Ligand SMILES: C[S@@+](CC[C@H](N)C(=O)[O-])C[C@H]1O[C@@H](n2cnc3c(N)ncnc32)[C@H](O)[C@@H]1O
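Presented below, as C-alpha cells, is a lone chain in the form predicted on its own.
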Amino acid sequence: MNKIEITADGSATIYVPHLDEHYHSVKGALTESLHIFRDCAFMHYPITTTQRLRVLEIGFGTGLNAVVTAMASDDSRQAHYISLELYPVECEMIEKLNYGAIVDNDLLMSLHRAPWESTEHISPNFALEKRKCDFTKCELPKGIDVVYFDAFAPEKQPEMWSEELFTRIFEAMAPNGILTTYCAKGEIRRRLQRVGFIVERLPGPPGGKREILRATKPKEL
C-alpha cells in the first residue's frame, strides 16, 4: 500500500513500495516542483506578449507541479496545462498530504476534482486538461511550449525514458519549446541530444540533486 512520507523541506510525498520509489524528491517535494518545473521551465519560457503557454506534464501525480504553475499564472503568463496520468491519486490521499499548509488548498483540490478528458478553466489564466492514458502509447498534443518530464526514475520505469518517446515529444513541441527533468544521467542527456534537443545542465534544487536537465527545441530545424 502506498504511504505518505515527509521530505526534507517539510512537504509530503507518496512512497510506492512495489517500485521502491517516491512521487517527489525526498530532499524536498515542494522545493523540487518550484525549482525544476515552475522556475526552470514555465517561468523561464520567454514571452513578449500575453500568451497562453501549452504545458505538457508527464505524470499528474499529487498535482503539486500543476498547482504551483496555476499559482504562478497571471495576466501575462497564462497556461493551458495538459497532464497525462494512467493511475490518478485519490482525492482522499491528496487531502492527507496536507499541502494546504504550503499551497492554495482550494485550488489544489479543484485540480484533482476536475473531470478527466475535458478542459476545465480553473481560473481566467489557467486551464487544465487531464488525460487518463499511458504516455508510452497515447497520442501527444501538438504545439507544446513547455514539458514537465516527471516520470518515475529510469531504473524504475525504463520504458518511459526511451529515445523513441523523446522523439515523439520533440515532434509534438513548438519551436523554442523547453523540457525539464530532474534526471541528469548522461545517457538520458545523450538521448535528448540525439533526437534534436539542445541540452544544458542546470544546478539542482537547493539542498537536492546537484544537477538537472533542461532541453530546448531549436527555433530553426
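One-based numbering along the sequence shown. What you are looking at is a predicted structure, and each value in this text was computed from that prediction instead of being measured.
One more form of this protein, predicted in complex with the ligand, exists but is not displayed; see below.
Heavy atoms within 4.5 Å of the ligand in the predicted bound form belong, among the stretches 172 to 180, 190 to 198, 39 to 47, 154 to 162, to residues of 154 to 162. Screening Asp104, Asp134, Glu120, Asp74 for any heavy atom within 4.5 Å of the ligand in the predicted bound form leaves a single hit, Asp134. The contact with the ligand in the predicted bound form, taken as any heavy atom within 4.5 Å, belongs to Leu84 out of Leu84, Met109, Ala127, Leu140. By the criterion of a heavy atom within 4.5 Å, Gly59 is counted among the residues contacting the ligand in the predicted bound form. Interface residue remark: Asp145 is not counted as part of the site for the ligand in the predicted bound form, having no heavy atom within 4.5 Å.
Remark: Asn65 counts among the residues lining the ligand in the predicted bound form, judged by a heavy atom distance of 4.5 Å or less.
Scanning 189 to 213 for heavy atoms within 4.5 Å of the ligand in the predicted bound form gives no residues at all.
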